[in-house]
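Below you'll find only one chain, the form predicted alone, shown as C-alpha cells.
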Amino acid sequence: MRLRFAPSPTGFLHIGNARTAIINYLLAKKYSADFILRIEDTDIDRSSRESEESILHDLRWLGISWNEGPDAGGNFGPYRQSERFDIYKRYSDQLLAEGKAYHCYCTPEELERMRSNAAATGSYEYSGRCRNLSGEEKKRFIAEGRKPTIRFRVPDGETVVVDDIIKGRVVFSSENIGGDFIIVRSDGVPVYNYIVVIDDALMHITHVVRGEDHLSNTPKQILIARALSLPVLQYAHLSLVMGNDRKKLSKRHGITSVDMYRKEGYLPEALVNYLAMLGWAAEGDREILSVDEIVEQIELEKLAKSAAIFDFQKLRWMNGHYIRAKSLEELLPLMLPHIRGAGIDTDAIEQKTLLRTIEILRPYCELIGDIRHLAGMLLAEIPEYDDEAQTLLSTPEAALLIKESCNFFNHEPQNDITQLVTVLKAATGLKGKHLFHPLRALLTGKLKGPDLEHVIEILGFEGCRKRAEYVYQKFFYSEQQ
C-alpha cells in the first residue's frame, strides 16, 4: 500500500484537509505503508513557497511525517507538480497523437456565450466544436493568434464504475460528465484532474483517500487512466465536515485553519484525536484515544458515509483533557507566552511558583490561551476587578470584611497568613458565602476561581496585603472622604 496527501499551497492548511492528511497518515501507520507528500502547485498565481512551508509546518506540528516529499526526497520525484511539466507534456503528446485529445481554439468569449445559452436550457456541456477541425481551420485560428487548450476526448456511451471503499459502488456515464474537458490550459499549464492521474501512477500510489467533494472528479480521472493505460486506483472518499447548520465548514462557523487552532491554544494531540474520529465510533464509544489506539481500531470501511458535524465545544472539552494530562513541565513553555501576554513579568517569578500556579489554574483551562485570562488572579500585583466583584465589594457587608482584612495585615506577623480566614470569621461574624464570596472578590477580582486556600498559598502574606489595601482605598477609604 502507498498513500499520499497532496495539498495546494494557496493558503493555510484547512481543517478539512488536515483531517484527510491525518486519516492517510494513520492508515499508513496501521498497514506499514509508505506515505507520500506531494505539492500540487499548478495554480501559478496563487501558489507560494511561503504557503507550502506553512502547510509543512502545520503537518509536522500535528505529528505527521512522510516517507517521500519535496523536503524528504524519494525515488519518484520531483514532488512538486510545477517541477514535472516535462513529464506531463509527454503524456499530452501521446494523447494527441492517438486522437484521444485535441486542440481547442475556442476563445473565452465564445465559451462564455455557450455557457450563457446553456443556462437558459439546462446544464452546460461543451459542444465538441473543435473535435474534428480541418487543417485549414486550424491554420486560420493560429493565424488569428489563438492559443489552443487541449481537451480530452470523452468516449461516447462509456460506463465508469467506482467501487468506493467508503461510499460503495457509484456508477457514472460518460454522457453525464459535461463533454470533452480541458486537460491543458492555453498557457500550457495542465489541470489538476489530468496530472493527478499521471502523478499517482508514476508514484505508485495504490489508494486515494480524499474528501467527498472529489468524488465527481473520479470518473474523469478513471477515463484518463484508461486512455493512458495507467492503473485505476482504489478510491475512498471521506464524508465532508459540516458546521451545525449542516453546511460545509467555513469561516462563518469559526476558525478553520490549523494555524489558528495552534495560536488559540489547542494541542496537536487533541486536534488529531478529534479529527481522526470524525465520522466513526471507537470500541466502547470511547472518545479519548492515543494515536496508537486509533491506529489499532481505524478501518476505512468503518468510516461513515454521511457528513460529519464539527462540534467546537466537544473539541474544546477534549483539548482540556489533554491539557490536564500533560506534566507541568510540558505546560510551562506552552503557557508562558500567554501569561506574559497578560502583562505579567514571568522573569521576576520563581519557576516553582509558576508551576504551582499552572497546576492550580489548569482545571479551568480548555485552551492553552485560557491561562491569559486567569493568571492575573494569582500572579499580577493587583488583579483586574470585574463588574461582579466590584458590585459585591461595594456592599456594606463587604466593607466590614475589607476593613478587618486590613487590620489583620497591619497587626498579624507574616507567618500567620494561614489564619486569615479564621481571624476574619471571628472578627466579622460572617460565614459561608457571606464570608467567602467577598474575600474571593477582594483577593482575586473575581467571584469564581480556584480554592481560596490555593489563592492565599500563591499570593502569600505580602500579596494578600497589597490587594487588601488596594481594595480598601478603592471601595472603603474613598467613601469616608
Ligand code: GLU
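This is a predicted model, so every value here is computed, not measured. Quick note: we count residues from 1 along the sequence shown, nothing fancier.
The same protein also has a form predicted together with glutamic acid, omitted here; what follows describes it.
Stretch 206 to 214 is the contacting one of 371 to 379, 126 to 134, 299 to 307, 206 to 214, since its residues have non-hydrogen atoms within 4.5 Å of glutamic acid in the predicted bound form. Not displayed here, glutamic acid is approached by A6 to within 4.5 Å at the level of heavy atoms in the predicted bound form. The closest non-hydrogen atom of E40 lies within 4.5 Å of glutamic acid in the predicted bound form. By the criterion of a heavy atom within 4.5 Å, Y192 is counted among the residues contacting glutamic acid in the predicted bound form. When glutamic acid is considered in the predicted bound form, V196 lines it closely, a heavy atom lying within 4.5 Å.
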